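Next up is one chain by itself, shown in structure tokens, the form predicted alone.
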Amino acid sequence: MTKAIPRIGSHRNGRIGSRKNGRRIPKGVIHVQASFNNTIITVTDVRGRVVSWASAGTSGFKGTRRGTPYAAQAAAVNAIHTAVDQGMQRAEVMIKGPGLGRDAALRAIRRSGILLSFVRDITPMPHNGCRPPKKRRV
């Protein structure tokens, strides 16, 4: 005898519909990690749960073009678009890293219509910690 296939929207298996679409986030945090090779934008709620994310690689850029300011701008637009669809109106911005996409991503965030409460640079700076690698000789 064949096994009964449970219905997707039934009460027995717990969930009715998708939980991801039901969440409304009025305030959030936008994390921008800009390295020399890529820029990653992560949008979270105030508790730190990820709402959406995008990078220059997922936005369609490959190779050395991922490190460009235009790729960072496109990634920021993609990440913020889904967050705005879920109701985000206010945000804090945390920027980390030395990459070229820092300013371009921040400019794209400002143009998106989200009110920014503050912009903070959280790039880790060593207090003379580890010895850096030797300088390149080209």
Partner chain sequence: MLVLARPPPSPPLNLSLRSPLAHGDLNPNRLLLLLPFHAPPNSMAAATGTRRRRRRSGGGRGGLEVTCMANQRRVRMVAKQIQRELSDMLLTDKVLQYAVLPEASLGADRYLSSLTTISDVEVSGDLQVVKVYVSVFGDERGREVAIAGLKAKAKYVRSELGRRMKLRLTPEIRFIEDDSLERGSRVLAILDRLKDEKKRIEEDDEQFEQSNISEEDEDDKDEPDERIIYVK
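What you are looking at is a predicted structure, and each value in this text was computed from that prediction instead of being measured. Positions refer to the first chain, counted from 1.
Beyond the structure shown, there is the form predicted in complex with its partner chain, which is absent from this document and is the topic of what follows.
Chemist: I have Lys62, Arg66 and Ile114 flagged as a candidate spot, so tell me whether each of them has a non-hydrogen atom within 4.5 Å of its partner chain in the model of the complex.
Modeler: Per the other structure, none of Lys62, Arg66 and Ile114 touch its partner chain.
Chemist: With heavy atoms only and a cut-off of 4.5 Å, decide whether Arg102 touches its partner chain in the model of the complex.
Modeler: Close contact exists here: in the model of the complex, Arg102 approaches its partner chain to within 4.5 Å, heavy atoms only.
Chemist: Is Gly48 close enough to touch its partner chain in the model of the complex, meaning at least one heavy atom pair within 4.5 Å?
Modeler: It does not: once its partner chain is placed as it appears in the model of the complex, Gly48 has no heavy atom within 4.5 Å of it.
Chemist: So, in the model of the complex, is Gly97 in contact with its partner chain at a 4.5 angstroms heavy atom limit?
Modeler: It does: once its partner chain is placed as it appears in the model of the complex, Gly97 has a heavy atom within 4.5 Å of it.
Chemist: Decide whether Ser52 counts as a contact residue for its partner chain in the model of the complex under a heavy atom distance cut-off of 4.5 Å.
Modeler: Contact check for Ser52: no, nothing within 4.5 Å of its partner chain in the model of the complex.
Chemist: Pick the stretch from 39-47, 103-111, 23-31, 83-91 whose residues have a heavy atom within 4.5 Å of its partner chain in the model of the complex.
Modeler: Only one stretch passes the 4.5 Å heavy-atom test: 103-111.
Chemist: For a quick check, can you give me the residues of 104-138 that have a heavy atom within 4.5 Å of its partner chain in the model of the complex?
Modeler: Leu106, Arg107, Arg110, Arg111, Leu116, Phe118, Val119, Arg120, Asp121, Ile122, Thr123, Met125, Lys135, Arg136, Val138, in sequence order.
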